[in-house]
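Read the single chain below, which is given as structure tokens and is the form predicted on its own.
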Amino acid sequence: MNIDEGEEEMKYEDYYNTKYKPKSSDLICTFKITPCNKRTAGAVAAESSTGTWSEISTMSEKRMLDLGAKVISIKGNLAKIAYPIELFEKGNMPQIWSSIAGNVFNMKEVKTLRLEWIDWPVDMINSFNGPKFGVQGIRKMLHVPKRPLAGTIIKPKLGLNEIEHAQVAYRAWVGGVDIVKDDENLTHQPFNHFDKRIRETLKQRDYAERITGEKKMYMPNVTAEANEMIKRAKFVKSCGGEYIMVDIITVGWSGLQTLRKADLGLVIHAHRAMHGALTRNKQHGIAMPVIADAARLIGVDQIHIGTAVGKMEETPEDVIALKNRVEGKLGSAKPVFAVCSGGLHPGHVPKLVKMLGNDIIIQCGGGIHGHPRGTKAGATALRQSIDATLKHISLKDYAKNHLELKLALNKWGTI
């Protein structure tokens, strides 16, 4: 039998069943497919569940179709596919993704394929840990009940030694930021050892808290092989740290689940480095809300959503939709704190707050450290911008009596 003959035997259309009424326990995926018709949508349903390219003798057709995914609707280039929960191992995020977002992305049947949305059944949601803290837990820890949180990333992202890193963090904290974080590619390098960086930076955090009277947080990057990642997270806790950050795409779902299941009592900050390789092409790949859902179910407490006003590619509609998703209803999972980061400066704050509300973490890297008078003044300018916005005073007017903000606006302007 040659390939052409095998293709003639395919019954992908058998997985198209618009008369099927989804069960409450079904996991339902929405795919964007090119071309989108009974055959291509059926191919996605079949190959992501019980089907294959040829007739086989190892299972009855009835059982394959009963247990298989069903295409329940096609509207334009969007197809909804319902998956019986029996296809999945509860609490196993890697297996779920291997099923619904695995080999189907390389099928010749489809020119492009994008996983746009997942409707998760309650039983599946409840099989994961979910966020330990979420929005309200983080606000309680920081004693900041309402305003947007102010944050920064240590810059340059690579190159500082441990002492220099800690000193930059200190200047940012005393200037007014609530949270300081490592960048996504700083872990344990010859010029900056992880253990020493943690000890020195947390020491400076303690000094900053005594001087300012405010609670301050440090988010060290623990991204590594899973066992090493747990070891590093435990070290952070032993030093008095309360936060960790992890690059969720590069450590993978297994690594992230391992970290959350360790249940160390640390806030987990989700950096989405490399997500653009999956999300940026609007016709092919995986939409960011789907990735955010999975991270939230596993149990991250805050996650990057983009800015729409900074250096990243997302539109305002993309960012608003993602913000709504990470804090919206998802079973009993707590809302996740949305992090805005990427090319921000104090002049962006009013538009960010108008667009996204107060439940955001505004992270300025170069927009703090690039201030004409340095990191401390840059941090102060960010807090002044937040204060002005909450008081409904224009930044231009507020800057008349706030030098740090004035200098920031002179350099970067407003939008």
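Quick note: we count residues from 1 along the sequence shown, nothing fancier. Being a predicted model, the structure only gives us computed values, none of them experimental.
The protein also exists as the form predicted in complex with a small molecule; that form is not presented, and the subsequent description refers to it.
- Note that among 323 to 331, 118 to 126, 336 to 344, 217 to 225, the stretch whose heavy atoms approach the small molecule to within 4.5 Å in the predicted bound form is 336 to 344.
- Contact check for K157, R272 and H275: all three have a heavy atom within 4.5 Å of the small molecule in the predicted bound form.
- Proximity of H143 to the small molecule in the predicted bound form falls outside the 4.5 Å heavy atom cutoff.
- Among residues of the shown chain, L382 is not one whose heavy atoms approach the small molecule to within 4.5 Å in the predicted bound form.
- Taking the partner from elsewhere, G374 is found to have every heavy atom lying beyond 4.5 Å of the small molecule in the predicted bound form.
- Although the partner is absent from this view, E162 stays clear of the small molecule in the predicted bound form, with no non-hydrogen atom inside 4.5 angstroms.
- Out of the listed residues K311, R210, K231, K108, K311 is the one that sits within 4.5 Å of the small molecule in the predicted bound form by at least one heavy atom.
- Contact with the small molecule in the predicted bound form, judged by any heavy atom within 4.5 Å, is made by just one of D178, E242, D293, E184: E184.
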